[in-house]
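Have a look below at one chain only, the form predicted alone, in structure tokens format.
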Amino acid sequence: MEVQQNNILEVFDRQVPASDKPRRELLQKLAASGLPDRKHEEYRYTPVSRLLDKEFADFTANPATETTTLPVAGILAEAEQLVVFINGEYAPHLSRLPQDQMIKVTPLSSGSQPTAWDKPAFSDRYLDLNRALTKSGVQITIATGSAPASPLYILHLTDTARGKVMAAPAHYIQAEENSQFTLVEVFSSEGANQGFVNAAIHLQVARHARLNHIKVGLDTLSTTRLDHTLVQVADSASYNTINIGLGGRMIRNNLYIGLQGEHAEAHLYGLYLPEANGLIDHHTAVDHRVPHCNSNELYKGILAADTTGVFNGKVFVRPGAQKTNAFQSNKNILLDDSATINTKPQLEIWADDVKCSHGCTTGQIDKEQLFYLRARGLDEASARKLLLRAFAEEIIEKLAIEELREYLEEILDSKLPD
């Protein structure tokens, strides 16, 4: 197949110094293969490269920013532990680093990576692009046996008020043995110019550890974002993730979870409500590599007029991974004929003693339920909103942080169509 040459790669090429040979080699490989487009099955519905070619052909460098106040004040103003990145760069003047010994936070610069970190099993050309372009990030270590009471927030702010922005942060999180920890990532944007965020976070969950990982997407329609989450879960450890997406022009979430130790668990939940003319795409992969592991996955979408949702979920059960329990479900409500959902749950099983199931549902608001509520005095708009809120609540209620849950409930109520 003839390789398509993406104009945007010439822009990326100018972002890396000629003296940085490892990154230049990555970019050369990308130039030889091209970035994925609609001809590639994994990006069939998410033509990121086409959008980048159109919007960023004239990009030179990120503009200076003078951000001195935090957006999303409703959940960040009182956060005891906060790491802030503005346009992909660490912002120490807005960050509040942990003061105790249970959490160690080390800012990374110049694309440095912890030397002991394993090469990810997941492969994606945009992840390679992150490795080539990243300039900043953070390494977080949760000490053995510790259980910090307060969650740690990472804010990714894209500020395009002064011009177009490209950002490629990369983070590394290590939850050591028997630790318990909650990490919250918030993606927010402001400004009328276009922003492109290509973020990556690598997580290792050691034996008997429990890591709760929440992602909140509050992007505007000026932001295109790719988010790569790569997780390794050791024996008897648990990784729980909730991804709430409430905006953005084109959002692509790649989530890979490797269950590498026996009795490891992963629980995945997601809720997406794109804005008009926006797209939110979830690609998940749960890799059962050893016996006696459990995974549970539930993603829900509410698609209003002129919005697009994508769900592509894969569960792999490797040879020898007996006694696996794996469940996957995707449910969607379409509120308008112009709304689109592309859903594809998948199982690939090479073991015979397993319990696995998957499924998806796509439909409209139940007319009988709507009639029931209207018969009890609710007007149609209120009844529809109540049903949609109940549909979303199954995901929202899993947020254990009360102030975060209440904040997102307010935003959700404002975005639900009447």
Partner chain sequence: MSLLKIENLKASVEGQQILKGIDLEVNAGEVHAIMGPNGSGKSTLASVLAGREEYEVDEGKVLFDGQDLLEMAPEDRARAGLFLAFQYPVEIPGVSTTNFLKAAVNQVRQYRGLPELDAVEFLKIMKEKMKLVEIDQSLLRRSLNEGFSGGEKKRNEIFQMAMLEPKLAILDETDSGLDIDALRIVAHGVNALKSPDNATIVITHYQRLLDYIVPDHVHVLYKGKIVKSGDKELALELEEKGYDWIKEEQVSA
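Owing to the predicted nature of the structure, the values given are computational and were not obtained by experimental measurement. Positions refer to the first chain, counted from 1.
Beyond what is shown, the protein has a form predicted in complex with its partner chain; the following relates to that form.
Just one listed stretch, out of 384 to 392, 44 to 52, 59 to 67, 355 to 363, contacts its partner chain in the predicted complex at the 4.5 Å heavy atom level, and that stretch is 384 to 392. Proximity of I349 to its partner chain in the predicted complex falls outside the 4.5 Å heavy atom cutoff.
At least one heavy atom of A375 is located within 4.5 Å of its partner chain in the predicted complex.
Its partner chain in the predicted complex comes within 4.5 Å of no heavy atom belonging to Q28.
In the predicted complex, its partner chain stays beyond 4.5 Å of every heavy atom belonging to S33.
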